[in-house]
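A single chain, nothing else alongside it, follows as structure tokens in the form predicted alone.
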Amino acid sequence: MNTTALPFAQVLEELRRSSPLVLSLTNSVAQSITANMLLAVGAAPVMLRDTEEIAQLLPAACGGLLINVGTLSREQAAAQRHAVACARAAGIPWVLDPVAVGFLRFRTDFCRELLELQPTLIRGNASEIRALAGESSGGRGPESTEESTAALQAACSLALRSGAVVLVTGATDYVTDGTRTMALGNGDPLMTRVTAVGCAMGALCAACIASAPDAFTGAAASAAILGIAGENAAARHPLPGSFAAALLDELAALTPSTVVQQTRILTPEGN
């Protein structure tokens, strides 16, 4: 038994018991898969744009907030800024997903502004994390041009500077709070062949953090849960179209015991 993964199984159990409501202010491409992924794993999705409704809902009912800048506009930025303020006032954990940050100035400046508002978790690929940390100019749009290992030092620095837990996703997922680091090796390359799986992961992170004793455990649990579901789906459906549906099925079918059995925790170098 992989006893190190027991806390991740407990996160899944608590998530399904409490079914946290996650407000996802995400991009237009990711809305459908984000909602479906949350429903499949046992959480509850909600997506709003109106600032008054956001202010009413967040403190009253939400367990977590996702801020995703994939298709950012100035109007959306205002709503996201307002949502973060409401979440902070209510003590609700929030996740920043800095999609394609670095190359595009507006979203880069906006994400750096949000860093000052103390996100609970920052989730991104290697290029995004390095760009947000000021070490590079970003990748090719939302696609990383670097392996996750290349961003590990930047992730640690970003975590220490921002106070957030940082999750770098890739072939190996890294979770760090700047002083401790965990590497997880679950997943399948098909997860990069279906649009917005990474963006939807940000919402899963918010649900897991809402169900975990701390953000580090919640972030690591989300990487294990989605990675295991992805590799199990790919084993049955090796082409992108059927894989997309199978991924949701595997999330719904995932059991705590499977999480314990299949989680692969690696050395911080990914070996």
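Residue indices: 1-based, along the sequence shown. All of these numbers come straight from a predicted model, not from anything done at the bench.
Another form exists, predicted together with another copy of the chain; not displayed. Remarks below refer to it.
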According to a 4.5 angstroms non-hydrogen atom cut-off, is S19 in contact with another copy of the chain in the predicted bound form? yes
Should D50 be classed as touching another copy of the chain in the predicted bound form when contacts are defined as heavy atoms within 4.5 Å? yes
Partner proximity in the predicted bound form: L248 to another copy of the chain, non-hydrogen atom cutoff 4.5 Å: yes
Is there a non-hydrogen atom of L72 within 4.5 angstroms of a non-hydrogen atom of another copy of the chain in the predicted bound form? yes
Candidate stretches 166-174, 125-133, 80-88, 102-110, one within 4.5 Å of another copy of the chain in the predicted bound form by heavy atom: 102-110
Going by heavy atoms, what in 226-249 lies within 4.5 angstroms of another copy of the chain in the predicted bound form? L239, P240, G241, S242, A245, L248, D249
